[in-house]
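In structure tokens, one chain follows: the form predicted on its own.
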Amino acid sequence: MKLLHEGKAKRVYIDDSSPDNVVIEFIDNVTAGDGAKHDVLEGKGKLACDLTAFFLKSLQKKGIETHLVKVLDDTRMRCKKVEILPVEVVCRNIAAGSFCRRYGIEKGTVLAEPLVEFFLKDDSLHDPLITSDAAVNLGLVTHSEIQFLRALTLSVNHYLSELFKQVNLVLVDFKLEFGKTTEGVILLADEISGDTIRVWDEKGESFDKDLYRDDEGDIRVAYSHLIELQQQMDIDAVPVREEVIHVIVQPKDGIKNPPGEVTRKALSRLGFTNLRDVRVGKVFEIHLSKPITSAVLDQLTLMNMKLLSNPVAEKHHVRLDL
């Protein structure tokens, strides 16, 4: 197989059996501090592969689309070929790591709600924090894509958190990468292992790469423990996370809007005299019993064309409520 790319902990090869797939090999490298610290730990690649396969398969069972096709052996898996988006997504439930250093927050502080952050995927710049508006304005992703990434990340957070609760562990935070197929479908990609998540027990003991970062233990022991605990994890027992989508339908510019004019005049009579125009539209709140996917968004487009809006006189946009 021809090597396409070699990263810090994985190699990506052309899949000779299919042009639509690649083969990802997990290797025994472990790094920290943007590669300043580096070691080779025998067996670490297999452990990361096992963890990733389990978590991706679990998420697939709940309807989250991932790049995983098939596990080939101890360290290799066949995955759908995607172009990795240049934005990494981090979800935090508890303050730790760089978040504490950035904001002076005490490690272990429980956040009021899951916090989603975006980072520019660029090693030469040390993967800096980036706002969603900046990511869109720089052309890295579209506005709808950044909403989609956030929605999908929160779904992943729900299902992984519930899995870890089953074995008395807490999901502190994690990093995700996403990729886009040639058809434009966005999939959860890369890996989910001790290299990309923080997991603590009730005493605050780590079972992730922080052990290596802080010279506090052998990550292979921690990763092996997580694999043993997988036998007690049951994704089927995890409740479905309800997703809410709002479809906002508005009259097109230049189209008369009698309800809006009536409303404007009524507001003027009540003393609100600086109103130049009021446009009245509709909002549809749609509740889903499965994660949001590219196919779901395509279905929404059909719903709008066939029922929710009049394409001739109205425009619409989708808002993902998270």
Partner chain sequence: MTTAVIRFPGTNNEYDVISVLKAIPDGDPYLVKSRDGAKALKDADSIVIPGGFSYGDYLRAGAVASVGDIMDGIRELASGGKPVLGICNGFQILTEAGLLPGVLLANESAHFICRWVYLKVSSGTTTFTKGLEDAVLRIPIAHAEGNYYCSAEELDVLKSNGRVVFRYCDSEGEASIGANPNGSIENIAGIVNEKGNVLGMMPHPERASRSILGSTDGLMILENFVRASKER
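Since the structure is predicted, the reported quantities are computational estimates derived from the model, not experimental observations. Positions refer to the first chain, counted from 1.
A second form of this protein, the form predicted together with its partner chain, is not displayed here; the remarks below concern that form.
Original post:
Quick one: which of 62-70, 276-284, 46-54, 29-37 gets within 4.5 Å of its partner chain in the predicted bound form, going by heavy atoms?
Top reply: Careful reading of the contacts points to 276-284.
Original post:
Within 4.5 Å of its partner chain in the predicted bound form, do Pro258, Lys306 and Asn310 each have at least one heavy atom?
Top reply: Yes: each residue has a heavy atom within 4.5 Å of the partner.
Subject >> Partner proximity in the predicted bound form: Asp15 to its partner chain, non-hydrogen atom cutoff 4.5 Å >> reply: Residue-level check for Asp15: no, no contact with its partner chain.
Subject >> Contact of Val262 with its partner chain in the predicted bound form (heavy atom, 4.5 Å) >> reply: Yes, contact at 4.5 Å.
Original post:
Any of the heavy atoms of Glu314 lying within 4.5 Å of its partner chain in the predicted bound form?
Top reply: Glu314: contacts its partner chain in the predicted bound form.
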